[in-house]
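Only one chain is included here, represented as structure tokens and corresponding to the form predicted on its own.
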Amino acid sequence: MNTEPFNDRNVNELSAYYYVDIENYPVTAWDKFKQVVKRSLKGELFVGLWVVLREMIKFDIHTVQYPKEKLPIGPRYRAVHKLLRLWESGFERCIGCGLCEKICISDCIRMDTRIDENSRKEVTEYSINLGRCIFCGYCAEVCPELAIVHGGRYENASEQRAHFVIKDDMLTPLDFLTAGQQEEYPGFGAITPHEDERVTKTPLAY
């Protein structure tokens, strides 16, 4: 690209400038009327009207009929959280390690655990205050069991604050699991598709 014209900063050469022919602003009513007629006869007004009419009579409307229709979002989009279950037993994947609660920078995750009769840790309460959550995705990245991921539900508006801390809304229902409706890659934090084919070495080989 030739940059010589840009390097020449001699502003004394008036011949290099292009002057725009600006008409005087109309003052009287007759001058204003002549200006309107002159601009209308040029055709810009009718061109604009034709563009609007052409778009109105088209049948391939691109308007999304929300909320009946929703635009697809990317699989790595960080939307409302989801708590997944195990395919084999249907139990929750969460082991109560508390890493998501510790790494949460907005301090919106609350977890309560206890030791059950089999001497195993059990998660009794798990809540995420979506009113404070900034959807950074740290909780999904740090989870060792892939128990919490970001799903595809991005409408989290509610009239009550209690709606933002309900665990049952995030946990996959058991009937969804038996029907095979729980996807292994529903959102940010889960394993990427075809991950088994990409693993060619053992962890000790890296």
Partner chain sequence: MDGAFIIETIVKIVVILLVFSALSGFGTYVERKVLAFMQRRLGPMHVGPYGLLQVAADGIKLFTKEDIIPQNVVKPIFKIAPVITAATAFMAAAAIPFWPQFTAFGYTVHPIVSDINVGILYVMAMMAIGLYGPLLGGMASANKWSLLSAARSAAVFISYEVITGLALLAPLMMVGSLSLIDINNYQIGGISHWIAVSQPVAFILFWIAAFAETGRTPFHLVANDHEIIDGFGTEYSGMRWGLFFIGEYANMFFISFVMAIVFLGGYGDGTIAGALGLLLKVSFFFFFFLWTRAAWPDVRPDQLMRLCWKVLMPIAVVNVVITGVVMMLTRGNG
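Keep in mind the model is a prediction, meaning the values are calculated, not measured. In this text, the rigid core denotes the largest set of C-alpha atoms whose superposition between the two forms falls within 1.5 Å. Positions refer to the first chain, counted from 1.
The same protein also exists as the form predicted in complex with the partner chain; that form is not shown, yet it is the one meant from here on.
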Out of Glu155, Glu55, Asp31, Glu141, which one falls within 4.5 Å of the partner chain in the model of the complex, going by heavy atoms? Glu55
Based on heavy atom distances of 4.5 Å or less, which listed stretch (23-31, 146-154, 133-141, 45-53) is in contact with the partner chain in the model of the complex? 45-53
Check Gln160 for me: does it contact the partner chain in the model of the complex (non-hydrogen atoms, 4.5 angstroms)? no
Applying a 4.5 angstroms cut-off on non-hydrogen atoms, the residues of 63-82 near the partner chain in the model of the complex are Thr63, Gln65, Lys68
When you overlay the rigid core, is the Cα of Trp50 off by 2 Å or more between this form and the one not shown? yes
Superposing on the rigid core, is the CA of Val36 displaced by 2 Å or more between this form and the one not shown? yes
